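Listed next as structure tokens is one chain, alone, in the form predicted alone.
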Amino acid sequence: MLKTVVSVALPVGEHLKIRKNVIQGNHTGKRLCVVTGTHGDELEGQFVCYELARRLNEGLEHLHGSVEIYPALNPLGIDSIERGFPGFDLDMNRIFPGVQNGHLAENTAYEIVQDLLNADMVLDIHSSNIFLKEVMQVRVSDITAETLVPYAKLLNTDFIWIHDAATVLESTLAHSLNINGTKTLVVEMGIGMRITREYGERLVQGIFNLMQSMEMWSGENDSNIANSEELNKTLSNKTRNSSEPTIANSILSTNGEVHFMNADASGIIIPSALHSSFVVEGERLCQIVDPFEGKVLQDILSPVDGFLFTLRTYPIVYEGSLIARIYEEKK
């Protein structure tokens, strides 16, 4: 059932409409909300919404409770291929929880939060921007980690990154919901303006894992997606249990440190390391080169042994730009 969450008149007789698809099971129960499209250039969540709705509709008799799917919290941004909220020059994920009587964007944010409050779980799905590629990861703040990490482990992702509370912006949707008692997990994966089907299918599998744990799904939960070679590794080189192929053995950041690498020069990136691989200290991740004079301006080397979970893919880089993030597990 399609429902309108926000409908606001725009110039030239148009309307801003934010809608959700409410898929109701065979009786009332818990409520899971899946939201995406907050940034108009992040499209990975579109496939997740499609595949989740398709599978739920095929097995509706196994759903206990309701799943609410919000494919586009920022439909104007998606339509115009803009990251932010068009016409207001702002990032929509920096204005939550919104203002009831505020301007268009603030009021829209307020109505979204009010609609999501009191859900049993909210998944807020993001992609990276067009410059960086991210592995499938769940991001939670340390103040919510004790509550949320057990759920995050079910989502079939590569990495669970627990941020220091000071790094979590208070104006994000996830923070606004969590501080009001609505459990919210942030999933980030892939790259801007693209859909990585393998990531999407794995995340849908993880959502069904989550629903099973919440006693919302009683049907089968099979997956035909083979786990990648890298997912069969851990930083301690232990072998994964092959009898549980649908739940990845996610790396949890509580036992280590995340290292950031930035460019010291402007130029063109020539990649060397593979994204989502395990690298060793001193291994070359990429080079920044000068195409005019044929010079290498910077060799970017891994400072540690670790998991390369963020890597710049856009070839042009400027001094200070983020190049990579590596997670180092402490022994």
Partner chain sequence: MKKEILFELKSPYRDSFKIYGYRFGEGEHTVAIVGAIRGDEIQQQFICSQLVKNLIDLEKNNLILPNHQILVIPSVNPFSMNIHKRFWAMDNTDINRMFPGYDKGETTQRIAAALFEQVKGYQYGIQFPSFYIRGEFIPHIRILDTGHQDTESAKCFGLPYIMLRKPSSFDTTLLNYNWQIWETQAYSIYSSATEQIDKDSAKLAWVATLRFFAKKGIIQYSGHSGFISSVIDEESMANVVSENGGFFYPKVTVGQDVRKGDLLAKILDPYDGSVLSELTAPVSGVVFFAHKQPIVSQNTMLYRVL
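Numbering follows the first chain given and starts at 1. Bear in mind that the values here come from a model prediction, so they are computed numbers and not experimental data.
In what follows, reference is made to the form predicted together with the partner chain, a form of this protein that is not presented.
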Report summary line: Within 4.5 Å of the partner chain in the predicted complex by heavy atoms, the stretch out of 89 to 97, 117 to 125, 67 to 75, 250 to 258 is 89 to 97
Requested in this report: Answer yes if any heavy atom of residue 113 is within 4.5 Å of a heavy atom of the partner chain in the predicted complex; otherwise answer no.
Outcome: no
Report task. Although the partner chain is absent from this view, report whether residue 219 comes within 4.5 Å of it in the predicted complex, heavy atoms only. Result -> no
**Report entry** in the predicted complex, residue 101 touching the partner chain (heavy atom, 4.5 Å)
**Finding:** yes
Query raised in the report: in the predicted complex, does residue 7 have a heavy atom within 4.5 Å of the partner chain?
Result: yes
Query raised in the report: Given that the partner chain is left out here, which of 170, 146, 79, 215 has a heavy atom within 4.5 Å of it in the predicted complex?
Result: 170
Query - Residues in 305 to 321 with any heavy atom within 4.5 Å of the partner chain in the predicted complex - result: 312, 314, 316, 317, 318, 319, 320, 321
